[in-house]
Every structure is written in structure tokens, then in C-alpha cells.
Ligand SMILES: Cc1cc2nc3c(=O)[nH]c(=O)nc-3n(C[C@H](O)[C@H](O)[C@H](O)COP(=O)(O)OP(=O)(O)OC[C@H]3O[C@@H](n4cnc5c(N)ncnc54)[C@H](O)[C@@H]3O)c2cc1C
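First, one chain by itself in C-alpha cells, the form predicted alone.
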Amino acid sequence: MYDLIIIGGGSAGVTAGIYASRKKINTLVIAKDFFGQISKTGQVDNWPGDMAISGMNLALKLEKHLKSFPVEIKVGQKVVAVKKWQDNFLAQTEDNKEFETKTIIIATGRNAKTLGIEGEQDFVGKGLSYCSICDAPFFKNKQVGVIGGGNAGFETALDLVKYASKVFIFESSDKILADEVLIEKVKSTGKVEICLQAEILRIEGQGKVEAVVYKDMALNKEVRLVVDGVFVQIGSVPATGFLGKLVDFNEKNEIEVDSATLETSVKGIFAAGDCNNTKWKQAIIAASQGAITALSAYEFLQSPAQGGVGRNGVPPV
């Protein structure tokens, strides 16, 4: 049995693991991988101490840092259910193994939203991608489309122009929604065309992506644009479905947490990072919340109800 199980290997889960290890909590980290959303960012320039670093390199540094501590890790595993078990909890993985613990930190982040249109699922991995960092090099000298005109869409376009000959950005709104600095960078490339009021109808092709079909809402007509690839960037949803109704959620399916401790509606369960209902979704904020949840779990474990000596009797570590 563990004192703490951390679910997730992004900046929140890694930082929680580091802090838990420093507090000498008997901890298990279960993670599908250690990439997280940050690894899908071309360049990170707002992480203190690294003025400019690729998202993938930052993710690798975080993983290395965690593994420098004596914390138990199960990587390549996905938690599919969490349930109450007497006074503790059970985390069940996809291979039907169960791990008992006194406390849990949920740090599962978010998953990319899908379009839900004709052809989307048929072409995943066949020209349709949700990750430009992963797949941009496959489209050298190709013509590609980016669905989504917010910051994520423009950042994706900047990743793609390093390889692609032409990039189209499709935005359903009648105005560009990205930050001005990104708009200027994209326009300066001379390789990007922005299509506003574009409602994506379907993806077409024979065995691989060959075209995007969209409705030009300004002209009220259907347009078929030949492309070799499509990158979907329409936002994300919290990766919290495996929790069922165990904890309380808001209308966005984000885990509701106490603003001070990040404890959920269930005592002993905490949530850090993009899966919870705190306002800002940034890697550095997720990391700070990882630290907060580990310290909160430590304080919870030290309570007399958990066999600890109480808050005032805990020696510093």
C-alpha cells in the first residue's frame, strides 16, 4: 500500500513527485508518458531559468529530474478507474492491476478536442494529426491545413512553415483570435493564408488526406481545398473521465478544487494542473500546483486521523 499515488507525468505530476519524494512520502507515480502538453510546444520562452527551450527538451529535463529521486514509477500505464476502498483508494490500470493508497493527486492534464466530422477518424495517422511537433517533419514541401485560429492554431502554423510549402489556417469566427505577437510572426513568413468564417464539413481522400471541404460562411458556398495534411487545433478537454462521479466537476468537466490546498470534494484526493478548475492553464502554473498538492497531501497524511502527529508536531524535511 502507498501513502500517495500521483496520476500523470506532465509538469504538474513530475513536480508533485519531486516534492513528495523530498518529503519522503511512500509514493507511486503512474504515467502514460512524461511528455504532457508542454512537449507539443515548439519553443518555451516563459519557463524560469530557460530563456528558450523546446517543449520536448523541457519535458525530458523534467523526467530526468524526477528520476533522480528514489520514487517508484510505472510508465506506459494508464489509470482507467479510481474508487474508494474502505478508508483508502484504489487506482486501477488498463491491465486490471489495482494499487491501494491513502491519498491521490490527479495530474492528468487535458486531451485534444476532436472535430466530430466525416472523415476525421478515418485519417488519423494518415495525414490528420493533433500534434505539429510530432508530425510536422512529414510534410516537407507539402500543402497543409490547420483547423483552429486561436493561439494553438497559430503556434502550429509556425511549426509547420519550417517544413511545409503552404499553410492554411481555418477559423470559424469572422476575426482572428490569436495574440498579436503570433499574428505578426505568422504573417511575416509569407507562407500562411488565413481563411475566416470557414466551417469545416469533412476531410476527403483515398487512404490518406487529400482535401478539406469547408463552407465559406461569408459567401455561403462550399469549398474544396486540396491539402496533403490536416492539423486539428480546436482546444482541449480535461482528461478526467476515468474518475466517473467520484469527485465534483464544473460544467467543463474540470475537477473542482479548494483554492488553497487544491483538495477535491473528496478528502485525500487532490488535483493539479490543467485538469482542475483553476483559471489559468500554463505549464509553470501546473508545476506550482504539483508542489501545492504534494505539500497538501503531506499535511493530510500527518493528521491524527491518518496516524500522523499533527500539523504542529511535524518536523521540517
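Heads up: residue numbers just count along the shown sequence, starting at 1. Just so we're clear, the structure is a prediction, and the values are computed from it rather than from any experiment.
The next section is about a form of this same protein that is not shown, the form predicted together with this ligand.
Residue heavy atoms within 4.5 Å of this ligand in the predicted bound form occur in exactly one stretch of 259-267, 284-292, 246-254, 65-73, and that stretch is 284-292. Using a 4.5 angstroms heavy atom cutoff to this ligand in the predicted bound form, none of Asp122, Gln143 and Gly229 count as contacting. Checked against this ligand in the predicted bound form, the residues Val79, Val209, Ile200, Val186 give one hit for a heavy atom within 4.5 Å, which is Val79. By the criterion of a heavy atom within 4.5 Å, Val44 is counted among the residues contacting this ligand in the predicted bound form. Under a 4.5 angstroms non-hydrogen atom cutoff, this ligand in the predicted bound form lacks Ile194 among its neighbouring residues. In the predicted bound form, this ligand lies farther than 4.5 Å from every heavy atom of Tyr163.
Although the partner is absent from this view, Phe99 stays clear of this ligand in the predicted bound form, with no non-hydrogen atom inside 4.5 angstroms.
Using a 4.5 Å cut-off on any heavy atom, the one residue of 138-164 that reaches this ligand in the predicted bound form is Glu155.
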